[in-house]
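For this one, two forms of the same chain are given in structure tokens, first as structure 1 and then as structure 2.
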Structure 1
């Protein structure tokens, strides 16, 4: 496992007898893009807020770069660029003035950074427009610009695609991947749309009713969601030999010595049947199986049409 940049240990937050967070223990590895997935109200934003010091958890603790304690956490948070819930700026100030305000507040001496960051998110031409006149998509872009202003080591983005048009979503995806690959920025991104995260995430955390119910890597998720042919035959060892020698594939798995999960020839099952038939292997059943990402999500967290 890579170095952990953020770790939460049994975070619990209670609002008026309702647990918004229930023993959430999340681990964010350096260099990863961690997708925090869950329905609305599942506790995603509350988790991110706790990490950023916006709410005080009732119990549990947070580590940033392995450090705990208020002073060390404050130091750690200085390296985090974040948007929580929605980008917040002064509405009567222009985009440029808003970023200039945060440039001064963050102690960045290079004045050009404001212009450069606006250009990076495609707002260079509207920098002098007031924030209150911005569309939701432009506000999100400005939020991203604010995050990037400090040249962060970690990005925390809460539902960043809300309000973005398809091109905006694609641009954001590319930008996140670019920052992750080229600048080694670790990203923690929340969404209730798993499909969106599946394009970029390397790790996932699934939340439901304030609990982190599962953490999984993208590779594991792919594995779990992968389509396959489920084949029951009378002679497993002979069948696997045929797969390797006749069909030249090693991409299969034997389950309980009863059935074979074949991850190739998904749409060419007749070919498999023919090979087995010619060799005298009796096929008891052959079905195409595997779950789509949405189905996997629905099974896990349940009940959200947006999934």
Structure 2
């Protein structure tokens, strides 16, 4: 495991006898893009607010760079840029003037940081266009620019793609990847849309009813959702030998004593059947299977998703 920049240990938060968080233990690795996935009311925003110190959990604790205690946590949070609720921008001011206001408010002495940050998020050429005329995607990028003024090591974004059109989603996706790759910013991003996170996330956490029910890497998720031929035969040893020697593939796994998951020849099952038939192997069944991301999510959390 890589270095952990944020870790929560059994966070629990109760509101009026209702558990908003129920023993949430989350691990955010340095350099990752962590997608926190869950339907509305699952506890995503509450988790992020607890990490940021905006609410106090009833029990459990938080580590930032391995440190606990209020003084150390306060220092660690100074390295985090976040959008939980959109920053208040002045509607009749330009992007540059809005950021200039926050630069002064934050006591930042480098005047170049405003222009550099606007260029970084793709708003360097909007000129004197007023904030009130911005598209939602432009407003989101300005919000991220606000976060970047402090040159953060970690970026926390709560449902940033809500309401964006396809172009806005694509622009935001590119920006997050750019910040992660070029600026080495670790990203924790929440959403109820797994398919969108799948374009950028390296790690996932799935939440339901205040519980973090699973953490998984993108590679593991891809493996679990990968298409395959499920083949039941009467002789596993002979069948796997034929896969390797006749069909020249090692891209399979034995699921149990009489079942093979074959990840090649997805659309060429006849070729597999022919090789097995000629060698006297009895095929009990052969089916193409695989799970779409949304199906995977629904199977994991159960029930219908209310986005």
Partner chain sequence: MRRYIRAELDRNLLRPYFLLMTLIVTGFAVALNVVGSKFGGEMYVDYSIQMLPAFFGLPIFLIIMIVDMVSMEEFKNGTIKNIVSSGLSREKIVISKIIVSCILGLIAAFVVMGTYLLSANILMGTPPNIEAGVLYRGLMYMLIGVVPLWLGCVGVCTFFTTLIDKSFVSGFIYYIYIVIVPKILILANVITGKNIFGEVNKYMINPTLEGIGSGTVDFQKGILIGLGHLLIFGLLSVLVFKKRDI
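Positions refer to the first chain, counted from 1. For clarity, a rigid core is taken as the largest C-alpha set superposing within 1.5 Å between two forms. These figures come from a predicted structure and were not determined experimentally.
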| query | finding |
| --- | --- |
| Answer for which single form is the form predicted on its own | 2 |
| Rigid hinge motion between the two structures - rotation in whole degrees | 18 |
| Between the two structures, how far the Cα of residue 95 shifts once the core is aligned, in Å | 3.5 |
| Shift in Å of the C-alpha at residue 128 between the two structures after core superposition | 4.4 |
